[in-house]
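The chain below stands alone, shown as structure tokens; this is the form predicted alone.
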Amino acid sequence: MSFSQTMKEKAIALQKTLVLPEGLEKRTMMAARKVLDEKIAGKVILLGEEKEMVSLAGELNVDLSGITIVDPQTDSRISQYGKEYYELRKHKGMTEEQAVKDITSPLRFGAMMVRLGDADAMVAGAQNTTGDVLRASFQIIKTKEGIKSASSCFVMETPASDLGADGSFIFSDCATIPNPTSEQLAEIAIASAQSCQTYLDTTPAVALLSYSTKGSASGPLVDKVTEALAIVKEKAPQLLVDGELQLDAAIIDSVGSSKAPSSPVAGKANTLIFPDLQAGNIGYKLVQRLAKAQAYGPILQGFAKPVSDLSRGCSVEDIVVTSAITLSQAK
């Protein structure tokens, strides 16, 4: 079974509530219909003005029956949501009046639905920028306890079944933090290990990647990775993790045995932590294009509740699969 189908099956079993803030975006509306028809969610909420939504549905020939339409401009929860938003942002100088006004933004309203349990997961980004989606999520949903910086991962499904987890890997961070500090790199590693358990259903073996393997080179870039390893071991001593490792030493058993014979991860890694965003973004695209791998993501990780960002070039099926991935976290 493919990764996308596995995620759909998990979401179907959970029957959680999905909110899609970009309800007046064409692909999102079409995806909402598919998510409900395929029973990926027990309930689907589209945010937007009802008359406009009915008009768009007619244009697209989409049946809105069974889909819940919520207008953030007129919903009865505006006052409640506004007060909660004020409490979250008053230390930044926000007034109660401004909070009530700002919460009517669909992204903020959707994030508040997730925060307060009126929805279990949020997916957006077909229309809004990644920065907009992240900002609403950081301000309202917040990160998990002990995590300061949310990050992202890709699930890479490759034909190389003898590597990683039957050919699948977690690649991180490929989309969010440009130049992580050692502390951020450690948080990325811990969050990515949790993603490995959730999405690949296997024990994570985490490799902190570098151009050096166990002291074969030195310098500030290598130091950042080794410092991150020390932080991970302190925060998550039970985690199977090692670094610094070159990519081949991390995933190829013969190379790992030669370059890092005492490493518990070398040659066995299924979760790859890139030292910065440039390396991660280039790495996942190389594997996607040259190895004919399926790349699922970016999947946001480290948030207190499930939220995902879409590419603005996404297809309807991309939104459906991302919804399934996000809902699968809502246990």
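Quick note: we count residues from 1 along the sequence shown, nothing fancier. Not measured: the values here are computed from a predicted model.
The discussion below concerns the form predicted in complex with a small molecule, not included here.
Trainee: Of these, 71-79, 119-127, 86-94, 189-197, which stretch puts a heavy atom within 4.5 angstroms of the small molecule in the model of the complex?
Mentor: Contact criterion met by 86-94 only.
Trainee: If you check in the model of the complex, is residue 138 within 4.5 Å of the small molecule, heavy atoms only?
Mentor: Heavy-atom contact with the small molecule at 4.5 Å: present for residue 138.
Trainee: Though only this chain appears here, would residue 284 touch the small molecule in the model of the complex if you measure heavy atom gaps against 4.5 Å?
Mentor: Judged by the heavy-atom cut-off of 4.5 Å, residue 284 is in contact with the small molecule in the model of the complex.
Trainee: Please run the contact check for residue 279 against the small molecule in the model of the complex: heavy atoms, 4.5 angstroms, yes or no?
Mentor: Looking in the model of the complex, residue contacts with the small molecule do not include residue 279, since no heavy atom lies within 4.5 Å.
Trainee: Could you confirm whether residue 154 comes within 4.5 Å of the small molecule in the model of the complex, counting heavy atoms only?
Mentor: Taking the distances in the model of the complex, the answer for residue 154 is yes, it comes within 4.5 Å of the small molecule.
Trainee: Between 177, 114, 103, 205, only one gets a heavy atom within 4.5 angstroms of the small molecule in the model of the complex; which residue is that?
Mentor: Selected residue: 177.
Trainee: Using a 4.5 Å cut on heavy atoms, which of 222, 134, 163, 260 is close to the small molecule in the model of the complex?
Mentor: Checking each option against the small molecule in the model of the complex, the one that comes within 4.5 Å is 134.
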